[in-house]
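Take a look at this one chain, the form predicted on its own, written out in structure tokens.
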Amino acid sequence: MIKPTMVSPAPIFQMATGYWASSVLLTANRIGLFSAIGPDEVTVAGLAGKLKLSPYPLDQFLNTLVSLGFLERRGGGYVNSALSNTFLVEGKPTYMGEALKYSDDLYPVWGRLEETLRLGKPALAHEAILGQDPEKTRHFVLGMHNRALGMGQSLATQLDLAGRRKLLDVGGGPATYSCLLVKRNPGLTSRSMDLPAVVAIAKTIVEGFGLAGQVDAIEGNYHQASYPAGNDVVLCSGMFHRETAESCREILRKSFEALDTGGLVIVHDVMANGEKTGPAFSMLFGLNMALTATYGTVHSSEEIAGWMQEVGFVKTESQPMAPPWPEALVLGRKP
């Protein structure tokens, strides 16, 4: 007699309550808790007065953050953990609070997933984060910047742009990648192209890097008829997940035309496996895009390499980003 396999329901309950921990972190970031603590030890009463919060259930909230690794108990009070002190205190060069604010903006949107599945349209119009809502746009652009500061260091190290002189960063967002690539490669200049509301924020980021003479944030739409010419590198980062296969081919075609002979195109994005059944983060990311963009999805590196070849690129290659980054790169050369 075959014994029935014992299957534990634990993964179901863990996933069903996963938003509890997310809510704690997003709320703490939203109210500025980690920045309010800073380098000091605080008491419940002191923090309640500083942030105008009720002492109950603040003590329980702080103890929950201890259990999650974001705070530590010390004496009669609390201090930031090394993790929070590094990434969640405003003013630190590694601050990622804006990225969490963008996640916070998306929190209620995920509650409308059924609506998107039934109606076939995003629960949050992409215009809201691309200029229509100034606060959401700021969270989106600065959130991309926060994330790109870490990932861009890895990207700049991984890409060999020696001898390249002119980069076009299509849909460059905060221009962070442009700045990091220019700093890494002497002699390289960049034009980072995006929508007006995004470019306005990108200009302040470029100035913060001290690269106003080497990185130019310019207005443009990657759906426009053509791109500025005369480049030997075109970077397409974080846009294919908003586009259909045909639109991706068009972006690559215009990139091909904007490149000089021997030019390099780089697609940088979250990508699925060939069967589009994983990794899990990629598939969840694709759903997140479906919630926020009309054609939001996730493509595979094999598809992207195929589209490159269709428009004339040769010597295409795919490579994963170094851990912990979940993105991948697909590169192609113009003959």
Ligand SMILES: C[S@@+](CC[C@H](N)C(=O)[O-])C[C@H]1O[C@@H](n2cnc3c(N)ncnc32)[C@H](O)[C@@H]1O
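Model, not experiment: these values are computed from the prediction. We number the residues from 1 along the sequence you see.
Not pictured, yet referred to below: the form predicted in complex with the ligand.
Asker: Between the options Leu195, Ala258, Val109, Leu211, which residue brings a heavy atom to within 4.5 Å of the ligand in the predicted bound form?
Answerer: Only one listed residue qualifies here, and that residue is Leu195.
Asker: Using a 4.5 Å heavy atom cut-off, which residue among Gly77, Gly220, Pro122, Gly150 comes into contact with the ligand in the predicted bound form?
Answerer: None of the others qualify; the residue that does is Gly220.
Asker: Looking at heavy atoms inside 4.5 Å, which stretch does the ligand contact in the predicted bound form, given the options 114-122, 259-267, 172-180, 78-86?
Answerer: Heavy-atom contact with the partner occurs in 172-180.
Asker: Does Lys101 reach the ligand in the predicted bound form, with heavy atoms at most 4.5 Å apart?
Answerer: No - in the predicted bound form, heavy atoms of Lys101 and the ligand never come within 4.5 Å of each other.
Asker: Verify the contact flag for Met239: yes if a non-hydrogen atom of it lies within 4.5 Å of a non-hydrogen atom of the ligand in the predicted bound form, no if not.
Answerer: Contact check for Met239: yes, within 4.5 Å of the ligand in the predicted bound form.
Asker: Does the ligand come within 4.5 Å of any heavy atom of Met144 in the predicted bound form?
Answerer: Close contact exists here: in the predicted bound form, Met144 approaches the ligand to within 4.5 Å, heavy atoms only.
Asker: For 305-319: residues with a non-hydrogen atom within 4.5 angstroms of the ligand in the predicted bound form?
Answerer: Nothing in the stretch sits within 4.5 Å of the partner.
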